[in-house]
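Just the one chain here, the form predicted alone, laid out as structure tokens.
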């Protein structure tokens, strides 16, 4: 009987499609990075469009503006492990965890899913010695992504939201630049996967579910409360949400990773992360420590009620090196973001 069952199983297996090899945990944990992205087996196809088993998609309520690029994000956890919930800051992830983020452009920004070109895929890998950031740049054929430690400049041509041709001088960060944004007290760390950023719905196939609830239900996350009891970042471009919440969410995503007490801009004294509540630390009628020519001759980081005389908005509207903020991650001005912050500053009660 056992032989018959074994024979039947063997016959049935002849017609079964071979299962893809699992994510290469040994490659993720190796001391030396793989020269090409496919070595990690994070995706099952050559163009990295099909995530392997064990990868879970995620999205942030309000992401960083990166020259209109589209971003797809995935979390990989080694089998049998979990992330640990934290109400503030990024979750604690086990060794072997990987955060995978691909930057891409459609041919026409008005058609997000059409003729999409992958530009780069960034990995943040939790190795035994700590987190490591790696960047892989895609070839024109979209068949392979190659490790680039020194960064790169790539011209990207698209049709913008107004139907006009737009050329973007896209900057792939070098290793040191990755550390600038992902540094907390000098240590490389994740900045996106926080409770408040993930407390929103995402489509999983044909079903939508709150991400915190999904991660808990599928065993990825331990210790999370009901999403209604967890903090939540507002969606910056949802007009149904309060203006102040949307503006603070935008500043947190675009500025707060550096402008916080543990970030690279901690010595500025300007703290724009969402947990900050002191108006002075948020820049209200605060004179900058050392803005230099970045101040544009203006007096206060935020001049309440007067966006036109606020250094914060002046730097957001600039494309000039040494003046523009954020200084990394963009070459264009985010006109929608500028309009949002201008409305927010205008709404603040003037103090003089």
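Residue numbers count along the first chain shown, from 1. Predicted model only: the values in this text are computed from it and were never measured.
Heads up, the form predicted together with a small molecule isn't pictured, but that's what we're talking about next.
Novice: Would you kindly say which of 272, 97, 249, 198 lies with a heavy atom within 4.5 Å of the small molecule in the predicted bound form?
Specialist: By the 4.5 Å criterion, the partner-contacting residue is 272.
Novice: Considering 158, 83, 124, 184, which brings a non-hydrogen atom within 4.5 Å of the small molecule in the predicted bound form?
Specialist: Here the answer is residue option 124.
Novice: Out of 137-145, 234-242, 105-113, 169-177, where are the residues with a heavy atom within 4.5 Å of the small molecule in the predicted bound form?
Specialist: Checking each option against the 4.5 Å cut-off leaves 169-177.
Novice: Report yes if any heavy atom of residue 214 sits within 4.5 Å of a heavy atom of the small molecule in the predicted bound form; otherwise report no.
Specialist: Judged by the heavy-atom cut-off of 4.5 Å, residue 214 is well away from the small molecule in the predicted bound form.
Novice: With a cut-off of 4.5 Å between heavy atoms, is residue 58 one of the residues that contacts the small molecule in the predicted bound form?
Specialist: Residue 58: yes, in contact with the small molecule in the predicted bound form.
Novice: Hey, in the predicted bound form, is residue 64 touching the small molecule, heavy atoms inside 4.5 Å?
Specialist: Flag for residue 64 set to yes.
Novice: Taking 4.5 angstroms as the cut-off for heavy atoms, does residue 117 touch the small molecule in the predicted bound form?
Specialist: Residue 117: no, not in contact with the small molecule in the predicted bound form.
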